[in-house]
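Only one chain is included here, represented as structure tokens and corresponding to the form predicted alone.
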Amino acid sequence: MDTGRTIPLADKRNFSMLTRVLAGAAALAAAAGLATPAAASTPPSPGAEPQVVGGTRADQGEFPWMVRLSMGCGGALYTDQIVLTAAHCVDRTGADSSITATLGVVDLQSSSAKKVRSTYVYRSPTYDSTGGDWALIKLASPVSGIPTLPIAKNADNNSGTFTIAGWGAAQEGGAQQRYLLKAEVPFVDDSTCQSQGGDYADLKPDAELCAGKLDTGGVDTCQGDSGGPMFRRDGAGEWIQVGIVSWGDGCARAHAPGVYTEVSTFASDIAAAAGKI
């Protein structure tokens, strides 16, 4: 992670987001068999870069609502026409047709992938102040035949063991993946997360969740996974999204858990925004 403590935390996240998105976009192009833009050759920063490290391949259809975004981030299908992702993956709220969402596959090179362009982006207005690393991307048309991922509306599921998934790199600073990877990470309570020091001391308990193998590391999200969901089974055995990949100190390091947007805190705001775009 960028250890310059004189840089405000929000600025550090934005800086690391730029390198994260450039690396993710370059790797996404490579994974899809496309030419890599020269600008995307910028080496990734070693810090705050949410890939699934220590993961295994997901089966086709296992997590059907997973979305890969062309700027190098992940997301989840919130409605049949709206993708939920991270605020730091987008620049602003407004009309935007520059993003392509790839859905319905674990293999980004699959000929059966559905690809839909964006029409509008909504970025959380509180991200740079009180937290809320979430954003919505409206697609040009509804996607049929792909289930959506419900989001948590209260804190009942904000503990236990979570599942993470994404096409990000499989090691810190590594290449992005062609195939969707998955892994499980345990909840880390707020006080323990804050006690790891550094940027973790500035954790926003009402806006962020921590998860990871604290003592050993080895399993985590990292560059290219930003915006993707962290999810678990609810009391009825159904998948529910509890987090959004946001930031962390490197990838899968001991005493450096991943930090995720606490979805339940923003559930009503997300629903209200989705109803207006």
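All residue numbers refer to positions in the sequence shown, first residue = 1. Note that the coordinates shown come from a computational prediction; the quantities given were computed from them, not determined experimentally.
Another form exists, predicted together with a small molecule; not displayed. Remarks below refer to it.
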The small molecule in the predicted bound form: contacted by all of Thr85, Ser124 and Leu136, heavy atom 4.5 Å: no
Contact flag, Gly224 vs the small molecule in the predicted bound form, heavy atom cut 4.5 Å: yes
The small molecule contact in the predicted bound form: Gly248, any heavy atom under 4.5 Å: yes
